[in-house]
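Here's a solo chain for you in structure tokens, the form predicted on its own.
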């Protein structure tokens, strides 16, 4: 067994080790809108759903100089976002949207992605994304000088018909290939949902 005391390591080493162990991580692919109406798009892999009230939790890091990234700034100013989940056919676009570009550059336009209006928030949703969750900012929790936890209320859920089970009235993971983030060693690594298993709940004690 390999053991590392994370309390004694530099932040870069902590991130490398922990991000290689906590896998797979779903990727929040987020559209926001700035004060000029430009649409920003960026992926975040420190992300989870909260299933008491319908919420999402997303960790938003800062740039090395401490300034807010475009998504975070737009979310603070406008309080709205659409969180998408991508599948394997959209992986290249998702990866490309992580590139740092000037704030006046829209990743949606740069990548030639098609959007459509959301129902309850200003940021549009990506037409080809299999999942889109319209959200409003609930609150922020500062985790340190370079990291903020954003809690988002989910207002509306959109799912492509091709991933939906009419029998159960929900998405079926066997119908699509959602992508996830793996370790960052030797560059960003991704995975896609492959083999799935179903066990009989009636056999539980």
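Residue numbers count along the first chain shown, from 1. Just so we're clear, the structure is a prediction, and the values are computed from it rather than from any experiment.
FYI, the form predicted in complex with a small molecule isn't displayed, but the following is about it.
Annotated contact segment (heavy atom within 4.5 Å of the small molecule in the predicted complex): 67-75, selected among 126-134, 82-90, 67-75, 110-118. Within 4.5 Å of the small molecule in the predicted complex, a heavy atom is found for not a single one of 31, 49 and 178. The small molecule is not shown here, but in the predicted complex it comes within 4.5 Å of a heavy atom of residue 188. Although the partner is absent here, residue 104 is not a contact residue: none of its heavy atoms lies within 4.5 angstroms of the small molecule in the predicted complex.
Although the partner is absent here, residue 59 lies within 4.5 Å of the small molecule in the predicted complex, judged by heavy atoms. In the predicted complex, residue 150 stays away from the small molecule, with no heavy atom inside 4.5 Å.
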